[in-house]
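We begin with a single chain expressed as structure tokens, specifically the form predicted on its own.
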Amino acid sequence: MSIFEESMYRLIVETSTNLPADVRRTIAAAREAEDSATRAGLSLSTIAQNIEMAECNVSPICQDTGMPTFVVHTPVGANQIVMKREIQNAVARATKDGKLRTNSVDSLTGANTGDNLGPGTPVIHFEQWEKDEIDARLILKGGGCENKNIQYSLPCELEGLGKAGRDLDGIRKCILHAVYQAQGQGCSAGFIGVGIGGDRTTGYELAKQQLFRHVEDTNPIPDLAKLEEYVLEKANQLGIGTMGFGGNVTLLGCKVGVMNRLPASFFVSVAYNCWAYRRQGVLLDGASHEIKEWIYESGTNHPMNAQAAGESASAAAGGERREVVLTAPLTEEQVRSLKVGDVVILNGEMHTGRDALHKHLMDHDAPIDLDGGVIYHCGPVMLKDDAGWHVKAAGPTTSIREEPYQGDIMKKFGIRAVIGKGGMGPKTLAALQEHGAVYLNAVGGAAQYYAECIKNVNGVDFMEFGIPEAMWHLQVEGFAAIVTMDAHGNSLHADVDKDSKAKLAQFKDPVFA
């Protein structure tokens, strides 16, 4: 293995398992801004604990390690062909070692390559510069937050905000709307990068480039500096909160860039990133390719105080709401006794299920008896040795993708609980009420926290779907999640959406002349 390849491997491991100090400081400040005896406070405490666990375990902070995206600046004359091959080798090695999840899927067949390599993956952007060093940066942006990216074409009409014109005020409205539409589905509280101008492709690239900036920097363009400050303040008045549970902190950072555009086009592109803001970079010696320095300050010197986080979580769970301990399989009577806001501590067996499984179950029988069962929307990171399969990371995936299937599948198989993140829609809510089932919201991104609750892998079905999409049968103890949709027709997600939409309207009037 070359030194460059080894350096890229170290970059991948550090990015996946250890949040930089600027991100940790921002999350710590968010915890201070929330009351610990709230759903948001509980979630932020869990997030803080998860960050520490990931660093200690050298395991992925979130199980969705996203699309690895590299931006590499090289000296003139560097062999980028060799560098690309060695980055790919490092990605494959990190995947084999459980630092990345197998995320590269054939778009036509759905087949998983198993090593994160394939057409278009990983993403590698090379640029030359007139320096001797190599600057290599990596961002791991999961699918849940990637799906909340959005692009606006000005002028346009925005729900709750009215007309957005081709000016700074129209841009302001687009950014606030982007935060509103994400709700909790992008694992809020999150960070956003904004690209003003360009074409449809370069606008999104510019937006994602903003996510490589330091959280605590100041935009060198005065108007954009004011815009960033304004958005960060006002977005946190929408009341969406961590995980979309409601609260004081919805947005952790806003970075805006601008480029020229065509006269006929005016795009505002927003790249939404979850709280698990995994980006890191290294400066390499141009000759030896050894790491000279890390571009973002290491999080190791800025712990989140996991002990305090655990104590805060316990206080929140016991203070604001009822805590119910249940063992799967569940009965209809048990489920109908639950109400929005209850904390459920689950023991017993649960079964993972994502897009491929839900589609399959619509037309086929289940491989096991699911009556009274619990489906967990999760695509875990798994490793196998002589002793069998082991869970390396296992946080929830975004549930709304299963909205077309979930209600029908619950009724067909007698499922009593679904666990995921971000909530589900009216079709699922109606099925919960009719059938007697419940939706439990786990903390998005808390992959180490939940992996600790999994005591055994009882089996697996549909490995042909790939590891993330397979149906894993997991024995759990002390798995905590919050009831956000109950069997009585109540949905916290619908309530927060309605409330934040009303608050969004207060920002309709012009601000920037």
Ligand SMILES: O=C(O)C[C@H](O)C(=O)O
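Everything quoted here is computed from the prediction, not taken from an experiment. Throughout, we count residues from 1 along the sequence that is shown.
There is another form of the same protein, the form predicted together with the named molecule; it is not shown, and what comes next is about it.
Next item on the list: Pick the stretch from 213-221, 143-151, 261-269, 430-438 whose residues have a heavy atom within 4.5 Å of the named molecule in the predicted complex.
Entry: Careful reading of the contacts points to 143-151.
Check: Mind checking whether each of 10, 24 and 137 has a heavy atom within 4.5 Å of the named molecule in the predicted complex?
Finding: Heavy-atom distance to the named molecule in the predicted complex: none of the three under 4.5 Å.
Checklist line | Heavy atom of residue 420 within 4.5 Å of the named molecule in the predicted complex | finding: Residue 420: no, not in contact with the named molecule in the predicted complex.
Notebook entry, point to check: So in the predicted complex, does residue 280 come within 4.5 Å of the named molecule, heavy atom to heavy atom?
Noted result: No - in the predicted complex, heavy atoms of residue 280 and the named molecule never come within 4.5 Å of each other.
Next item on the list: Determine whether any heavy atom of residue 173 comes within 4.5 Å of a heavy atom of the named molecule in the predicted complex, and answer yes or no.
Entry: No, residue 173 sits far enough from the named molecule in the predicted complex that none of its heavy atoms falls within 4.5 Å.
Check: Though only this chain appears here, would residue 63 touch the named molecule in the predicted complex if you measure heavy atom gaps against 4.5 Å?
Finding: Answer yes; at least one heavy atom of residue 63 falls within 4.5 Å of the named molecule in the predicted complex.
Next item on the list: Tell me, out of 255, 354, 416, 351, which residue has a non-hydrogen atom within 4.5 angstroms of the named molecule in the predicted complex.
Entry: The option sitting close enough to the partner is 354.
Next item on the list: Work out which of 195, 379, 122, 190 lies within 4.5 Å of the named molecule in the predicted complex, going by heavy atoms.
Entry: Of the candidates 195, 379, 122, 190, 379 is the one lying within 4.5 Å of the named molecule in the predicted complex.
Check: Judged by heavy atom distances of 4.5 Å or less, which residues of 391-409 approach the named molecule in the predicted complex?
Finding: Residues within 4.5 Å: 396, 397, 398, 401.
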